[in-house]
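Have a look below at one chain only, the form predicted alone, in structure tokens format.
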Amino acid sequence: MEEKKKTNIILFSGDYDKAMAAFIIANGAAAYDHDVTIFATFWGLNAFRKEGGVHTDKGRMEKMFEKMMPRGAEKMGLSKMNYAGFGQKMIKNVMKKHQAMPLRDLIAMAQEQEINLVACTMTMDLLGLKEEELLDDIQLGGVAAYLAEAEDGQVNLFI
């Protein structure tokens, strides 16, 4: 029996369009029967955050990060032409017109396809993110977990 190919994506960016690209590639790779892992670190973790506020016990610096970071995929800005949020609204209208899936749906599809969604624990500690602030079924892991996946990967991307 042939071993499945592995696709690994580090999602570092907190930009809506870059996160969309990561999830489009991940879902496509899963459709081609790859084992897929998205390892979210730093600003990429915003794609894994729940949209509503979650009460947690945090220090002052952690609370500042919480307020500055977007809550969930739909609140992330564009990498280019964001224009104080207007660019994001424009791209979402274009996507709707062309019946393209929004990021929120791409993330749900990734979960349905059993793509491994892994949140970087070191970054969570640095930014004061708590597990309960993340979407359901997000795995937690450190660099060693990513490297173990990437070592056998045929496709390794940094977005």
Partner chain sequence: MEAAQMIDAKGMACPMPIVKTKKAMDKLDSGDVLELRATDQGAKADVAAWSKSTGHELLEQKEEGGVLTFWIKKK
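Residue numbers count along the first chain shown, from 1. Since we're looking at a predicted model, the values are computed, not measured.
Keep in mind the form predicted together with the partner chain is missing from the figure; the text below concerns it.
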Could you spot which one of Met61, Ala31, Met68, Val94 gets a heavy atom to within 4.5 Å of the partner chain in the predicted bound form?
Ala31
Candidate spot Ile24, Gln99 and Met109, all three touching the partner chain in the predicted bound form (heavy atom, 4.5 Å):
yes
Quick one: is Thr56 in contact with the partner chain in the predicted bound form, heavy atoms, 4.5 Å cut-off?
no
Thr123 versus the partner chain, in the predicted bound form: is there a non-hydrogen atom within 4.5 Å?
no
For the chain shown here without its partner, which stretch in 112-120, 127-135, 38-46, 86-94 has non-hydrogen atoms within 4.5 angstroms of the partner chain in the predicted bound form?
112-120
